[in-house]
Structures are given as structure tokens and as C-alpha cells.
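Single chain ahead, by itself, as C-alpha cells, in the form predicted on its own.
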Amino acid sequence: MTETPPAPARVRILLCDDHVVVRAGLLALLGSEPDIEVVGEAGSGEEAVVLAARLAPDVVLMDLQLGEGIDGVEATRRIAADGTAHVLVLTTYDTDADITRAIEAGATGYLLKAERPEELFAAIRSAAQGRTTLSAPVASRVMARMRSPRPSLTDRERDILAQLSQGLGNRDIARALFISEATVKTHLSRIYDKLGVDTRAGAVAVAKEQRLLP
């Protein structure tokens, strides 16, 4: 009598996206795979952190922009720090700053929503085993950034970046450096251009990655 081999372990998934329609679509899509099981859904970063601790999924599919409350990066940081699950980012955002922040927060992989279902399934299985998976465009951006020379910042721009990293606003930076707010804005514009970002958080994230801050 031939014994039937045991069925492969199912990958337990927690979905986190603030759009109900997106979650419903992912639920239907993932339901087509016999070895993938969605055990929970979260509509906010805070809810994802709580459910990850309670349900102990293998993988959390995490969007980055989650409306009010903490964003996907902060939720990823908390879940990764707790060690309850691997986080696979699934988003439409592929800027250098978004990628850097997510990876630094502890994301196991970074996938774009434009990927084919087969790529998503494979990424989920890889993430469950702790293997890194990046969408091709994301991988290309990461490699390009690694190969590119570090941006050259002036001493004043470095001073402003240091103040940014402490969470100071333009007015406080101007006071601390004895310059006008208009001058701060001009320097910020140049910093954004050099670092390839468009937000303060992005500038700080890239600056840390490139070791531009003391």
C-alpha cells in the first residue's frame, strides 16, 4: 500500500490595505492557491500590528500608504521588531525613499501591485521562508543606487539635514542656523533634487542610507 505524502504546510497570510476593494481582490486571488491561507485582514497600520501579534501569520502583505494613523513603514518596523512575521510590501509606490524606508524598517520583500499573480504567489512563498524578493523595477533602482556615487552636499545642506533628522520644522531650523526660512526652503529644494526625493522623511531616510548624517 502506497502512503500518501503529507500536504505541504500552508502559508498563513495577513492582509493590510486601507482599501476594502483591494483587500477583497487579494482575498479572492490568494484563495485560488491551495497552499496559501488568508487568516486576517487589517485596514490600518495599528490594526495590522495588533493582528500580527494575535494571529502569528507567516507573512504580512503590507501596503505603504494607509490613510490616518501609522503608515506601512512604521507598521512594518513594529511587526519586524516583534519577530512575529515576515513583511512583504505590496504597493504602487516605487520611489527610492519608499524602498529605502521599507527595507530599513525590516521588510523581507518589496513587490509592486502591477506584478502578475504568479509573481505574487512566488514572492509570498519566498517571504515565508525569509528569502528576499524584489520586483524587477525595484531591484533595478536598488542596484542603480548602490552603483551611483554618493551625492555631494554642501556643509550648509548637511547642517539642514541634521536638523531635519531631529524632526525640526523650517522655522526652527532657520532659528537654529541663524538663517531665514526662505533660505531653508531653497536649501531643502536642492537637497531633494540631489537625493532624488520629494519629502522630508524621504530625505532623512536616503541620507541615513548614504551615511550623509553624523
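Just count from 1 along the sequence shown to find any residue number. For the two forms, the rigid core is made up of the largest set of C-alpha atoms that agree within 1.5 Å on superposition. As the structure is a computational prediction, the values presented were derived from the model and not from experiment.
We do not show the form predicted together with the DNA, though everything after this point is about it.
Per the 4.5 Å heavy atom criterion, the DNA in the model of the complex is contacted by stretch 177 to 185, the sole one of 177 to 185, 38 to 46, 58 to 66, 24 to 32. Candidate site formed by 93, 116 and 133: none of these residues places a non-hydrogen atom within 4.5 angstroms of the DNA in the model of the complex. The shortest heavy atom separation between residue 19 and the DNA in the model of the complex exceeds 4.5 Å. When contacts are judged by a 4.5 Å heavy atom cut-off, residue 165 does not count as touching the DNA in the model of the complex. The DNA in the model of the complex is approached by residue 190, whose closest heavy atom lies within 4.5 angstroms of it. Residue contact with the DNA in the model of the complex: residue 54 places no heavy atom within 4.5 Å of it.
Annotation: Cα of residue 200 displaced by at least 2 Å between the shown form and the other one, core superposition. Superposition of the core reveals a Cα shift of 2 Å or more for residue 190 between the shown form and the other one. Once both forms are fitted on their core, the CA shift for residue 36 between the shown form and the other one remains under 2 Å.
By 3 Å or more, the C-alpha separation between residue 83 and residue 204 grows in the model of the complex relative to the form shown here. Between residue 69 and residue 168, the Cα distance is greater in the model of the complex than in this structure, by no less than 3 angstroms.
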